[in-house]
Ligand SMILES: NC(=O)c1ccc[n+]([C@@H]2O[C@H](COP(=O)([O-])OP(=O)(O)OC[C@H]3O[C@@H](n4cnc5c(N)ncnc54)[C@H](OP(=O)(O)O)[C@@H]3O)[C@@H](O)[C@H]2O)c1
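Just the one chain here, laid out as structure tokens, in the form predicted on its own.
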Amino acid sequence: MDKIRIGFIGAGQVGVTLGAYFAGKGLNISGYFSRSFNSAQAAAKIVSTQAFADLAPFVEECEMIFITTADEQIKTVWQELKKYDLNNKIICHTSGALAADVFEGIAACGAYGCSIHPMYAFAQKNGQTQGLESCFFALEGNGEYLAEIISFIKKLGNKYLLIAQDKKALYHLANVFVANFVLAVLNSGFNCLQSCGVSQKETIQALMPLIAANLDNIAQKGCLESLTGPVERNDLATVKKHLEVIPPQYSGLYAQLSIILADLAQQKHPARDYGALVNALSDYMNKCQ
């Protein structure tokens, strides 16, 4: 697997970053193919490989093909790939939500399909790969080749998770909660502080130590033992003050998240009675509807 010729269909953030990461680990990157040849050329320049203007020579050259397009394009790309000789090739996609069964009829092509999803936030395509070393890869697909894929990930020095086909959507939801939804919550907090007259720059500077400390606590102790704040303290008076001043667009979010926190707090403090707090939050949510 460390000598296999790897190609990427899709020259966006995921394809470029993974290509640079694989190349940095000494793997053989054959090149890029994209709907836009200019994009393929730009990616190839960053990774120091070649760009393909046509799909046929790309498929012939590559033994392992990563489809790193948007999810809705993967099936279309696969339908194009099926027109070529894929015997003994490994076809992968990097979608977190889709399973390898998107490669319909792959066995008849003599190829092997799998999904390899890096649990990483791809925010740029300049070849920088900081943080990927500690990234887990979620693997799912053809049982015959999963052992080879595991060896491939181990060669990179990364850890992996095996995800069942029928659990891919739930797995992806977990990623969305801790990555995308966290951004929504953080942005809500940033906006509240800026409404106090604090500049955007100062808001981020002021809140980042709190965010970082919280994440560090979670990493060290887990969510339950990291729980703090008015809900954990069963401080109904403070929660009511929040409900009086919260911007309308965040009111439902605040109440729902506080109810979830109250459930965690009850687990942490079984002897406490959070009933009045939860009832107040539930009543508030009903009034907002």
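Residues carry their position along the shown sequence, with the first being 1. Here the structure is a predicted model, which is why all the values come from computation and not from measurement.
Although not depicted, the form predicted in complex with the named molecule is the subject of the following passage.
**Student:** With the partner removed from view, which of 232-240, 217-225, 34-42, 246-254 is the stretch that lies within 4.5 Å of the named molecule in the model of the complex, judged by heavy atom distances?
**Tutor:** That would be stretch 34-42.
**Student:** Between Val278, Ala265, Ala23, Val14, only one gets a heavy atom within 4.5 angstroms of the named molecule in the model of the complex; which residue is that?
**Tutor:** Answer to the contact question: Val14.
**Student:** Which listed residue (Phe181, Phe136, Phe122, Tyr84) meets the criterion of a heavy atom within 4.5 Å of the named molecule in the model of the complex?
**Tutor:** Exactly one residue meets the criterion: Phe122.
**Student:** Quick one: is Ser115 in contact with the named molecule in the model of the complex, heavy atoms, 4.5 Å cut-off?
**Tutor:** Flag for Ser115 set to no.
**Student:** Within 4.5 Å, heavy atoms only: does Thr68 come near the named molecule in the model of the complex?
**Tutor:** Although the named molecule is absent here, Thr68 would touch it in the model of the complex, with heavy atoms inside 4.5 Å.
**Student:** May I ask you to check whether Leu146 falls inside a 4.5 Å heavy atom distance of the named molecule in the model of the complex?
**Tutor:** It does not: once the named molecule is placed as it appears in the model of the complex, Leu146 has no heavy atom within 4.5 Å of it.
**Student:** Using 4.5 Å between non-hydrogen atoms, is Gln73 touching the named molecule in the model of the complex?
**Tutor:** It does: once the named molecule is placed as it appears in the model of the complex, Gln73 has a heavy atom within 4.5 Å of it.
**Student:** Go through 75-90 residue by residue and record those having a heavy atom within 4.5 Å of the named molecule in the model of the complex; state none if no residue qualifies.
**Tutor:** Heavy-atom contacts within 4.5 Å come from Val77 alone.
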